[in-house]
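Given as structure tokens, the chain that follows is alone and in the form predicted on its own.
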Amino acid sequence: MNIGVFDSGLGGLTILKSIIKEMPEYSYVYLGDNARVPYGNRSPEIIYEFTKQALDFLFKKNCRLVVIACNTSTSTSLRRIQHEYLPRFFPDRKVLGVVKPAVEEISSHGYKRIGIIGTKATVNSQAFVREVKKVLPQADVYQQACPLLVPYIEDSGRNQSVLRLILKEYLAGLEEKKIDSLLLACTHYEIVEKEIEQEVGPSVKVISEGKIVAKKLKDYLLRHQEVGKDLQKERKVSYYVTDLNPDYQQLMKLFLGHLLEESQVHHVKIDQ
């Protein structure tokens, strides 16, 4: 069986890349619902329905375990997926998200004034705030929605001066709060991590999710050998997208770090 990785678009490829680097022996199936990206401005109920459709597809592709590499889907839908959808339809499968691994990383360092940037849906869900408060009840947590960052990152003609203006606008309020750490709660943001570090300065620890999620997944499989024993070790990766738009190849290269052949990427409809 395979490990599935799902994102509302193609930014989740940053998570997949880190997971493959950490555990290259397994077989993976990636699904990017780029026809309906972004999820961040949609209602929680619609995000939940989209997430269920994606999981239906990945389980049909023989995925034993799926990582929701989308902060929006994780923060708004994971709890319902684990408590309602899986017990009813797929009791033998597992679905993990990206919120808990990131929060565990934050708690391990004991940060006190934590900044979080993400989509509107992620911020509105308060999922990160709730999880941080469980492990660091005395910490102050400040959030900022950044709706312009994803479209900027996906623009092939990106302008650095525009990025600096966007970051300055979004991060100014967090910097005023004297944050000591900043969590990038969107898979896209890793692409501009260096620019974010420059904006907030060396006194703020910037945390992206790719390496963290990969290490936590490896630890999960060591602790849950009943899952690990079902996984194929064939070093295969299959890529599926819901829209073969003119930019998909360049975006996949942006997030993966290398270009895929057209034959490696398959078009699929999941909204049926």
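Everything numeric in this text was worked out from a predicted model, so none of it was measured. Numbers follow the displayed sequence, beginning with 1.
Only in words, not in the display: the form predicted in complex with ligand DGL, which the text now covers.
- The stretch that touches ligand DGL in the predicted bound form, counting heavy atoms within 4.5 Å, is 67-75, out of 106-114, 87-95, 167-175, 67-75.
- Contact check for I179: every heavy atom lies farther than 4.5 Å from ligand DGL in the predicted bound form.
- At a distance threshold of 4.5 angstroms between non-hydrogen atoms, A214 is out of contact with ligand DGL in the predicted bound form.
- None of the heavy atoms of F57 is located within 4.5 Å of ligand DGL in the predicted bound form.
- Taking non-hydrogen atoms only, G210 never approaches ligand DGL to within 4.5 angstroms in the predicted bound form.
- The partner is absent here, but in the predicted bound form a heavy atom of V150, alone among V132, A102, V150, I196, sits within 4.5 Å of ligand DGL.
- With the partner omitted here, the residue from V204, V241, V37, C63 that has a non-hydrogen atom within 4.5 angstroms of ligand DGL in the predicted bound form is V37.
- Contacts between stretch 102-124 and ligand DGL, counted in the predicted bound form as any heavy atom lying within 4.5 Å, involve T119, T122, listed in sequence order.
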